[in-house]
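One chain comes next, on its own, written out as C-alpha cells in the form predicted alone.
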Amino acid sequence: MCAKMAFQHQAGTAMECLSIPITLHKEPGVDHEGAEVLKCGFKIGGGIDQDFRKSPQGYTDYGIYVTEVHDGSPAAKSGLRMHDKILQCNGYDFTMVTHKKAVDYIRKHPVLNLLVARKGVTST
C-alpha cells in the first residue's frame, strides 16, 4: 500500500476528520491451538512504540491503524475498513497507546465500540 492512504497527523493533536462510530460484536471461533476464542476479524499496526517509517502501508504517524480486514468477519460486517485509524475503543483513547496495549485492549472486550477516522472523509 502507499503513503497516500495515511494521515498527516501528529499524535495528541487535533485532526480534521469525521469520526465514524463502529460497533463490532465478536463471534466465537477457534484459534491456531484449538482453544475457543472470540474473533473480531481484523489486524492492527502502529502504536507510539513502533517506528512508522518502517510501516509497509506507508503510515506517517504513531496511530493505531487497521492493516487487514477478513472477508465475512465481524469487522467486515461492522463496516471497518483497511487503513481506518482507530481513535477510541470503548471510550479508551487509542491516539497515544502502544501496539501491545491496543492489542490487549481489543482482545479482552467481546463488543468493540470503535471511533475511527477514514482518510478522505471529513464530512457527511
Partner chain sequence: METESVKSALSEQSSRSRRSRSHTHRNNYRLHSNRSSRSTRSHRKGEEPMAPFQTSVTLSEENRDGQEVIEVQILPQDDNWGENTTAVTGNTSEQSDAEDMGMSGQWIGEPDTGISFVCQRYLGSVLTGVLSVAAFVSPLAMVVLPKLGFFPVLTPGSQLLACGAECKGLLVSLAFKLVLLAAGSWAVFLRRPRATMPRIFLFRATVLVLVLVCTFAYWLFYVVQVTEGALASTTGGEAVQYKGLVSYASSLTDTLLFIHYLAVVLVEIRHLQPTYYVKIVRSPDGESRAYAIGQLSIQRAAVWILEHYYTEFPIYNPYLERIPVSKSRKGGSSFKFYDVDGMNNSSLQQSQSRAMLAAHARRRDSSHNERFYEEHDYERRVKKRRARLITAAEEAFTHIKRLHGDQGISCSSAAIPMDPQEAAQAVFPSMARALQKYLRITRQQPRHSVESILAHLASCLSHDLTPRAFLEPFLVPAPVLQNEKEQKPVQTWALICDELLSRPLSHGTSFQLRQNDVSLLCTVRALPHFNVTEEVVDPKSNKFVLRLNSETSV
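Numbering follows the first chain given and starts at 1. What you are looking at is a predicted structure, and each value in this text was computed from that prediction instead of being measured.
The same protein has a further form, the form predicted together with the partner chain, not shown here; the description that follows concerns it.
Under a 4.5 angstroms non-hydrogen atom cutoff, the partner chain in the predicted complex lacks Pro28 among its neighbouring residues. Contact annotation for Arg107: at least one heavy atom lies within 4.5 Å of the partner chain in the predicted complex.
Pro56 belongs to the set of residues with a heavy atom inside 4.5 Å of the partner chain in the predicted complex. The closest heavy atom approach of Arg81 to the partner chain in the predicted complex falls outside 4.5 Å. Within 4.5 angstroms of the partner chain in the predicted complex, the stretch 22-48 places a non-hydrogen atom from each of Cys40, Gly41, Phe42, Lys43, Ile44, Gly45, Gly46, taken in sequence order.
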